[in-house]
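Both blocks below hold the same protein chain, though in two forms, and each is given as structure tokens: structure 1 and structure 2.
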Structure 1
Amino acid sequence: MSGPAVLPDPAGEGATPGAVRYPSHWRRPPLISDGRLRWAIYAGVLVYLVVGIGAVEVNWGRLSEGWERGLRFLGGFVEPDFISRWDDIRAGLIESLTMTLTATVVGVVISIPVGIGAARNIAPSPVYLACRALIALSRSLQEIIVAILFVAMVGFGPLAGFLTLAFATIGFLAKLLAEDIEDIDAAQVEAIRATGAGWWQVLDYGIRSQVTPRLIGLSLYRLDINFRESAVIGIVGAGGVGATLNTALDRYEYDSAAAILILIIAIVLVTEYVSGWVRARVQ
């Protein structure tokens, strides 16, 4: 917005009166070009920060107490205690791992037809809308909230966790699969159809071969995510190692909690590494 005449020449000298004055220094253009809007946004951010930070009540006495606890917790990481609660930890980890695997397999199996139904280029309109609605429902509800509902329906334990993770997998995988199917090379489908192939044959030879590598990659990625989530949903009673962690922290057993966290991080790293390696080979 600033033309040459608006900017004052900082040097001043050599400017003949009446001539157009050009700036002698380059200044980078601001992110938001409208000056008034820019200052309004700065002021708004400042006001928000004052109000927002003011709303945070900090109990300094509790914090200084927390400092000592934090140090004890760090000490727990230096000397994690795997032994005294090992039975609980093992049971929790087995629940988490079995939940992860079964939920991923079932979720993938269900999300394939849903994903096909949610692809605009191959599904009829009513099926498309129904599948998209299912995907939107699954994506907008958070895992923890779904877990609360499933625990209320089928009771505490890994089955509720399994249902939660499978449901979340459908929203994630079916959406990405549907987008992948919508992006496929139409010429190949056309070619298969031109040979006189029926709907199933078009699906098998024209579409499946194009989306399989990505489907495998996404499934492995979801396996990864499901394990991370399985460590959390135990907090609301849906089984897994999260419940064990919650108990350990409630009892102030920081060394056991540190051991569980180390195991979670290690398993996440291993699954991430393995799934990344497989994905790189498949795609």
Structure 2
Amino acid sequence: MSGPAVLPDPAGEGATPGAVRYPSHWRRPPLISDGRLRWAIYAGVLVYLVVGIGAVEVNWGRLSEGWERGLRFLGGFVEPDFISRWDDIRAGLIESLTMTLTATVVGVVISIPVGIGAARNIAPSPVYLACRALIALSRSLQEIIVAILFVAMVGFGPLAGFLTLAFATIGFLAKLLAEDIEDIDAAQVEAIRATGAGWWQVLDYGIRSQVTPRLIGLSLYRLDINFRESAVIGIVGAGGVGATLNTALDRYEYDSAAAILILIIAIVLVTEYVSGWVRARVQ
């Protein structure tokens, strides 16, 4: 192990005894201290990327056609067409908003008892394991896969979308609610329990008051997510404005597709503003 450097004599007659030179800049130590191992890992990652990119089959003819089509799609945003398919767009938006609102409300109502049961600090082990399994099942499946499943079960239309969004809301909200309950201030709960309060009273006065602002904020956030997801799952036949968007894209009506996307962005922005305003008032 080398010690601090010894400063040379300014007159050039050798090092000055006792003069110590310390580094003037601090540098974060590398994650892997062994330089050879570090460079070997870098080289391995680089080789892997080169091999991986080389394994991708690029169809340059298809890419050229897609590039031209992509430019035409972007050109639709210059002159979006809100008029030609307005009846379909309006019906799709109303269906999406209805589907989103009802699925979010139902999902929040179901996720509250599931989240309480999934909190380790207040739920018995069998209930905890059952609720955690339900949350894991909901979170392990992406919305579009769930939508395909429900379309196969109940057919095309908004019912499949409603079930999909409600199922996804349960997994999302119950998990975050359970984590919030596990992180609450235990002193407040113990104070309520010390008064002789029962389980429901502890839940009401000791826990609900601590997690309600967070629950409202997460519910509004999930409402925003559900509206965006309603446009995605509509592509597989689960209703909403996504079906209208898919039809416009299939017919190469990029100006109508651009109009739908602009309306989706506008609604998401309004939802984001409203949810932020409500969260600020609640907290």
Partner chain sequence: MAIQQPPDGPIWRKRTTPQSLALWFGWLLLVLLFILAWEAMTRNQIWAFVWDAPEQAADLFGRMVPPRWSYMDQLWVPLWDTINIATLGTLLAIVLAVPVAFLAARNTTPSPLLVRPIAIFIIVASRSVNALIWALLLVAILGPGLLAGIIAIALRSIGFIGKLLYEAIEEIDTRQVEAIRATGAGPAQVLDFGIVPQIMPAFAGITLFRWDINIRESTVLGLVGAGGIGLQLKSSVDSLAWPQVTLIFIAILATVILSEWVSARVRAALI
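FYI, numbering is relative to structure 1, first residue = 1. It should be emphasised that the depicted structure is a prediction, and the values quoted were computed from it without experimental measurement. Basically, rigid core = biggest C-alpha set you can superpose within 1.5 Å across the two forms.
Identity of the form predicted in complex with its partner chain, given as 1 or 2: Here the form predicted in complex with its partner chain corresponds to structure 1.
Residue 251 C-alpha shift between structure 1 and structure 2 of 2 Å or more, rigid core reference: Shift of 2 Å or more: no.
Core-aligned C-alpha movement of residue 228 between structure 1 and structure 2, 2 Å or more: Shift at residue 228: below 2 Å after core fit.
Core fit, then residue 75 C-alpha moves 2 Å or more between structure 1 and structure 2: Passes the 2 Å threshold, so yes.
After superposing on the core, C-alpha shift for residue 27 between structure 1 and structure 2 in angstrom: For residue 27, the alpha-carbon shift amounts to 8.7 Å.
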